[in-house]
Ligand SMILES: Nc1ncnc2c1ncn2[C@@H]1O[C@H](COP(=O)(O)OP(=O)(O)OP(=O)(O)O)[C@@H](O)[C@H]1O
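Next up: a single chain in structure tokens, the form predicted alone.
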Amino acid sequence: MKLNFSFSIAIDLGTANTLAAVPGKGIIFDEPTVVARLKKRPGVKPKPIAFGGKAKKMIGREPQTIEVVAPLKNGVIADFDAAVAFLAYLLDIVTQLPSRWPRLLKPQAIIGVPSGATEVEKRAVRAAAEQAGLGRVYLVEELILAALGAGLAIEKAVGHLIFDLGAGVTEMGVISLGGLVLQRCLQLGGQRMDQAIIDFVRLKYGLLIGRIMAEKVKINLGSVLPTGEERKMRLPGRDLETGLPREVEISEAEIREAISPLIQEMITNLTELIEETPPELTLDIARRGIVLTGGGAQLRGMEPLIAETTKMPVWTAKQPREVVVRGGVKLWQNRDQLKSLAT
């Protein structure tokens, strides 16, 4: 019998949310990638005071002595100290899981990284993970993990097209024989859509709203094609002229107008990627369809919009937010494949 003196983790270190899973136990961590800490003072290292959901609730409400930071921007580490603290928080939660055997070794992890990440950015992820207390760290491109998590047999001589809409980056790639044939990584995603909504409301209504409210509007009203419902909601904010609280009613059509330039940029890059794809792989994709993953895949109308534009079938992976971390769990079950894919 092989004793388990360590344990394995799959981590989707996202710009907006981080998920982690342990083989045999499923997803055990799903929280916003946010850290609240005391502000830096000369000679004093900033002390984290809250993480995840608790820290996110502080955004826009923090006093002058506290700062709320996002460790990642556009899918890569922007604040190294915050990333280390957040990963240590994640690891502390994971290590509390019950085990039949004593854990004497540091845990090992598969961490997804954007396909467009540079070697410097990858080294930063590895260094942050190791400093947080992880042992062996395997970095795997998120598009590969997403394909595995969506149930695709990527090792075969068959083409698959993955379109992953994240919070910080939108990635798309053609996969065959276990590797990326073509890929594009755009520095736009759900958070850029939130900012577009903030800008739209400010310009049209003279109303200032925060990031949390913009995200809520996107989730409730976000769509890329008319749905027939044209829902509306009351939107509270601060009047830019008087400085006083005010509400306006905003519609689904207005939110669609606010985010449409970003959606169009994504679709344009997708069609250009398809045009660059070798004919044999294009035929495979036309037969099997384009696979949508990531939180942005849940925007209403994404499937029909992409199908209409590309003239190809489109389907959304089951639980699209979770495919990257689920793909990491699958890799732990195939060590030979892990060695061939990891860096």
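So that there is no doubt, residue numbering starts at 1 and follows the sequence shown. Given the structure is predicted, the values throughout are model-derived calculations rather than measurements.
Below: the form predicted together with the named molecule, not depicted.
Highlighted residues 141, 179 and 327: none comes within 4.5 Å of the named molecule in the predicted bound form, counting any heavy atom. At the 4.5 Å threshold, heavy atoms of residue 215 reach the named molecule in the predicted bound form. In the predicted bound form, the named molecule lies farther than 4.5 Å from every heavy atom of residue 115. The named molecule in the predicted bound form is not approached by residue 109, whose heavy atoms all lie more than 4.5 angstroms from it. Among heavy atoms of residue 36, none comes within 4.5 Å of the named molecule in the predicted bound form. Residues with any non-hydrogen atom within 4.5 angstroms of the named molecule in the predicted bound form fall in just one of 297-305, 311-319, 45-53, 275-283: 297-305.
The listed set 83, 197, 169, 161 contains one residue whose heavy atoms approach the named molecule in the predicted bound form to within 4.5 Å, identified as 169. Listed residues 77, 137, 165, 152 were compared with the named molecule in the predicted bound form; 165 is the one with a heavy atom within 4.5 Å. For the partner-free chain shown, just 191 of 191-214 comes within 4.5 angstroms of the named molecule in the predicted bound form, judged by any non-hydrogen atom.
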